[in-house]
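Just one chain follows, in the form predicted on its own, and it is written as structure tokens.
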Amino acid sequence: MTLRKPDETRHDWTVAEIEALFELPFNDLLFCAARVHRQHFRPNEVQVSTLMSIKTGACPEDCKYCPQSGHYNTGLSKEKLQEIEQVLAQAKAAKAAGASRFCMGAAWRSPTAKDMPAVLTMVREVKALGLETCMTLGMLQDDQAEALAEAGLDYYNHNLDTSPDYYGDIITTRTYADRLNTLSRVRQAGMKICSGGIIGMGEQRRDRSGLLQQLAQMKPHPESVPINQLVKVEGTPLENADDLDPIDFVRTIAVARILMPASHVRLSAGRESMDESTQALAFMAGANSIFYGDKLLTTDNPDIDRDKALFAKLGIVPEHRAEPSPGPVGGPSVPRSEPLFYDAMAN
């Protein structure tokens, strides 16, 4: 089959086309993804976020990968919603460490009416610090999405996790349509979408293609696409899942970059177990966002010093928020005070 231009922004990718990308020789796939990446972003800048659990444990959902599910015994204690002062202290520390976005997650099926006022205050106060704001609170109703947007929330995270076909093997308490409906409400309320998935849960390559197809057919594409590698937690049904081949992980990053050229593709959960070479390949393949800090909700993440050392070794710098000049049509603006590295190569 003949693929259309890989750097064309599309919403009509077929699973067969996506599988064909996965089948490309690894070097060709990385070259293609890097080319797309350089047309939309500065290749050596990575957006840095920090994630904080604002309410931990006892989630009623049965997601087989999640240590916060109340269905499994993982030794995680239930905690109530954090005080606003605690959240602000963490946000200030994150900004001082170089983060430009502060993400807040609560282990809920959906937010309760009594907790919404505190959640909205958190959004306003964190945003007042000059940070981008992101939250993941479970499913939303129209009025909740609108209230979050009015409070100034920039991004709402709600992952699809896997393909529609494999979804029922991972979660039974919430449907795929439930997830898509929440994302639709987020978009209609005017917020940006952060949505991706998890690989290494026993799915097949076709499932990875199906997940990416679901994300790539959204109009517009999610502004942020986290690609998570399963973190195996004792007590969850997936604690003994087979290890994921690092090359398969990098392939998924590369295909995500090609399908959603103007999105930030986040090298997300699972980095703690990745060596520097795997992370370097992921950045080459188009990953340009990470979580900074030694904890992702309840699982480990590389500490800041380790990430700073890796950035220095690779010549990567944190992406800074700025007022840019107009960029590519359909994509984010790119500051043009100096030519993109890809432009320099082409001249």
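Predicted, not measured: the structure shown is a model, and the values here were computed from it. Heads up: residue numbers just count along the shown sequence, starting at 1.
The form predicted in complex with a small molecule exists for this protein as well; it is not shown, and the discussion that follows is about that form.
**Q** Select from the listed residues Val119, Leu140, Ala106, Ala262 the one whose heavy atoms reach within 4.5 Å of the small molecule in the predicted bound form.
**A** Selected residue: Ala106.
**Q** Which one, Ser49, Gln68, Asn288, Gln279, lies within 4.5 Å of the small molecule in the predicted bound form by heavy atoms?
**A** If I apply the 4.5 Å criterion carefully, the residue I get is Gln68.
**Q** Just checking whether Asp161 would be counted as a contact of the small molecule in the predicted bound form - the rule being heavy atoms within 4.5 angstroms.
**A** Contact with the small molecule, yes.
**Q** Is there a heavy atom of Leu131 no more than 4.5 Å from a heavy atom of the small molecule in the predicted bound form?
**A** Output for Leu131 is no: heavy atoms all beyond 4.5 Å of the small molecule.
**Q** In the predicted bound form, does Ile193 come within 4.5 Å of the small molecule, counting heavy atoms only?
**A** Answer no; every heavy atom of Ile193 is more than 4.5 Å from the small molecule in the predicted bound form.
**Q** Is Ala99 one of the residues lying within 4.5 Å of the small molecule in the predicted bound form, judged by heavy atom distances?
**A** The answer is no: Ala99 has no heavy atom within 4.5 Å of the small molecule.
**Q** Based on heavy atom distances of at most 4.5 Å to the small molecule in the predicted bound form, which listed stretch, 86-94, 254-262, 208-216, 151-159, is the contact stretch?
**A** Contact-bearing stretch, as computed: 151-159.
**Q** Look at the candidate spot formed by Arg124, Ala145 and Leu183 and say whether the small molecule comes within 4.5 Å of a heavy atom in all three of them in the predicted bound form.
**A** No, the whole trio is out of contact, none within 4.5 Å by any heavy atom.
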